[in-house]
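Single chain ahead, by itself, as structure tokens, in the form predicted alone.
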């Protein structure tokens, strides 16, 4: 099953993205908060479902780690608000980019991340909303995430021991990890693999944030990782998430056609 993140076709307003995805037989959509525009989450959810698409996730919460205690409390308030938006949208999952603060050790940031997620759990359970911890590539460990490996994400999910907390695998962030196969298997054993994101790693990469590749044009072993994910028992959507100034500058409908073809080739 194929889903696409709204950030992948960032230049398209949500209504146009929904129409374009549905026209190409895409089954799901993950909605970034800034894609809502003037629409309320409830109205956006109705628009998406009317087009025959399924809301896969709401992106993104997190950023719990701060040296300033007041900032940590504000992050919890912000995440609670995002959770309400996700529920109104009809999303079953809020993706968490957990944050980091270069003014303090990574271990301290990780403790703050755990405390932040713990503070959200009562509301998550009340809303029936899952929280997905997404580890990011170590190059983002300064400010974006102190959770850099799938092992760390698994450790955190297991420590929290809640059915509402799991992990998100994004190949862009994890493809390099020599322990990846074992950690994906661990996700399956524990039953907390909540989402699977794909793109590719271009060689050379010209921008470490905004130059992700179309599936098949880089060096990520996508077939192998996809097999590991399937063997772990994951049956959800394969979500295309591409941050790319190169592709955002192109005709987005042609880009979507390329995505559909690339995904079909990956599955062939």
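Numbering follows the first chain given and starts at 1. All figures in this text were calculated on a predicted structure; none of them were measured in a lab.
Heads up, the form predicted together with another copy of the chain isn't pictured, but that's what we're talking about next.
- Checking 142, 158, 84, 125 against another copy of the chain in the predicted bound form, a heavy atom within 4.5 Å turns up for just one residue: 142.
- With the partner omitted from this view, the residue of 234, 243, 201, 32 that lies near another copy of the chain in the predicted bound form is 201 [heavy atom within 4.5 Å].
- In the predicted bound form, another copy of the chain lies within 4.5 Å of some heavy atom of residue 205.
- Using a 4.5 angstroms threshold between heavy atoms, residue 219 counts as touching another copy of the chain in the predicted bound form.
- In the predicted bound form, at least one heavy atom of residue 110 sits within 4.5 Å of another copy of the chain.
- In the predicted bound form, another copy of the chain stays beyond 4.5 Å of every heavy atom belonging to residue 71.
- Here the marked residues 191, 194 and 227 all miss another copy of the chain in the predicted bound form; none has a heavy atom within 4.5 angstroms.
- Exactly one of the stretches 73-81, 115-123, 171-179, 158-166 approaches another copy of the chain in the predicted bound form with heavy atoms within 4.5 Å, and it is 171-179.
- In the predicted bound form, another copy of the chain lies within 4.5 angstroms of at least one heavy atom of each of the following residues of 133-153: 137, 138, 139, 141, 142, 143, 148, 149, 152, in sequence order.
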